[in-house]
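Form predicted on its own, single chain, as structure tokens, below.
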Amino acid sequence: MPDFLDFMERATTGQILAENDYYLKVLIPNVTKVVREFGIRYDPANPVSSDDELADRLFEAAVEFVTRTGIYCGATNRVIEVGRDELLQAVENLPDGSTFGEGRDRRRFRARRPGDERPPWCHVGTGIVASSEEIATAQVEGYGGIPQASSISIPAFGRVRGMHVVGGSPLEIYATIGSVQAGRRALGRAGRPGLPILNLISSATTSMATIAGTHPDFGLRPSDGWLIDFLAEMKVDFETLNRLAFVHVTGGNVGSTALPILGGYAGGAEGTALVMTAYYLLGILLFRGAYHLTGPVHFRHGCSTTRDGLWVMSVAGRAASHNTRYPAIGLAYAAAGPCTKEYFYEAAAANLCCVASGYAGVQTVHPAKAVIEDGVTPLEALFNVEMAYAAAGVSSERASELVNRFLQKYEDIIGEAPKGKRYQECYDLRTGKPSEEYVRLHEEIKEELTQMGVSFRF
């Protein structure tokens, strides 16, 4: 099986193509052909797929698509070719999960299957930008206070001493190091110092900052995780490969990351599901990942919780969980923001979709498309954990019924979804406690969802 340097050789010796030619003459035609050849069909009536035959066809289609298409290296304008046997051998040789965390919070992250009654791995928090260290610390301390949290994401620092962080500048290095240190301090105060950080470092946009944030005196630990992104669509560059080389050499846990654009180069729901499944395969073979983070992002709405977005997430997750042991975390973006009913409906739909489709883990659904500074609180993280546990063991058919009911609550207004409130409007900065208004809304939503058929465990 080829190693990383073998792929680097292909990145420098493969077929030369202009980027537009790769997309217009290779990727887009192959998406169309493979979707048609394998009979991949979007079913809007069932946003949570229960079709195992479709899942298996989608997996085989993804293998075929990757072997025909390869992956584009933008730094060299060459196509990295991938062989069918290489892909299948990599899938066959996958280990049974990976271990993260320290001390009492050290545990093994393993794959799940559709209908699995075990609760998923709960990756809480987001990398949404925090306007200050005070708010970032309060957010992380709140995440650490959730007993069911398996791992966390730490916020990105948007400023250093009042200066806006510019990617590739020394400020990025300061922000990267500062965000990890603040996260560790907050987890210590929450009594969870061993809880693993699995989002690399949100403040690090360059490989240089990634390496700086891995310094053993103040950075990530070997038991944490490094998210490394594919570029949309089916593309890598030297920043990606530099990160990958460093993490592999230092023995870190790579989290291959792919957020395909629904309505972009991959086309509609069927093509996006194909490409999203292909990323699992490339995460296994090219990135040698310990885990995968994925979810579609709608081109128009900037979220994952549209009807077609949920179907893409469901069918791709089912295809991968049915055919590999690669543990994946489902990540969805909501259109609505914190302290709104619509956010809770979207988060409930996304969690049911992911857990019933066999994702090994779920991450806190990102509020307000993850674009509002300070736009996330620990109460959203708690609700996502509550929903993830409630969804464990729910059949795909039942999940689809419930998701259809949730969609009725927000589907027609998703283009004008409320932005909600920022952390400091929902929480007391001094006590770290949510407002009475937000607590009451959370309780009301849980009661409403219970009446609709959701069985909360706590």
Partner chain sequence: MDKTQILENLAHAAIEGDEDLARESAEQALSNQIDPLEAVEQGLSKGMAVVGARFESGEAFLPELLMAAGAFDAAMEILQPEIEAQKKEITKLGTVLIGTVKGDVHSIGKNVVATVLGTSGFDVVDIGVDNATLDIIQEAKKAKADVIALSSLMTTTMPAQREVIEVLEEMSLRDKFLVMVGGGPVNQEWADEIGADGYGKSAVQAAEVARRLLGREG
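Treat the numbers as computed from the prediction; the structure is a model and nothing was measured. Positions refer to the first chain, counted from 1.
Below, we refer to the form predicted together with the partner chain, which is not included among the displayed structures.
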item	value
Triple contact flag 138, 142 and 182 to the partner chain in the predicted complex, non-hydrogen atom at 4.5 angstroms	no
Heavy atom contact within 4.5 Å of the partner chain in the predicted complex, the stretch among 103 to 111, 207 to 215, 160 to 168, 337 to 345	160 to 168
In the predicted complex, the residue from 178, 83, 193, 267 that sits within 4.5 Å of the partner chain by heavy atoms	267
Selected contact from 129, 186, 87, 71, since only one has a non-hydrogen atom within 4.5 angstroms of the partner chain in the predicted complex	129
Residue 300: touches the partner chain in the predicted complex, heavy atom cutoff 4.5 angstroms	yes
Contact of residue 371 with the partner chain in the predicted complex (heavy atom, 4.5 Å)	yes
Residue 63, heavy atom within 4.5 angstroms of the partner chain in the predicted complex	no
Contact of residue 375 with the partner chain in the predicted complex (heavy atom, 4.5 Å)	no
Residues in 10 to 39 close to the partner chain in the predicted complex, defined by a heavy atom within 4.5 Å, in order	24, 28
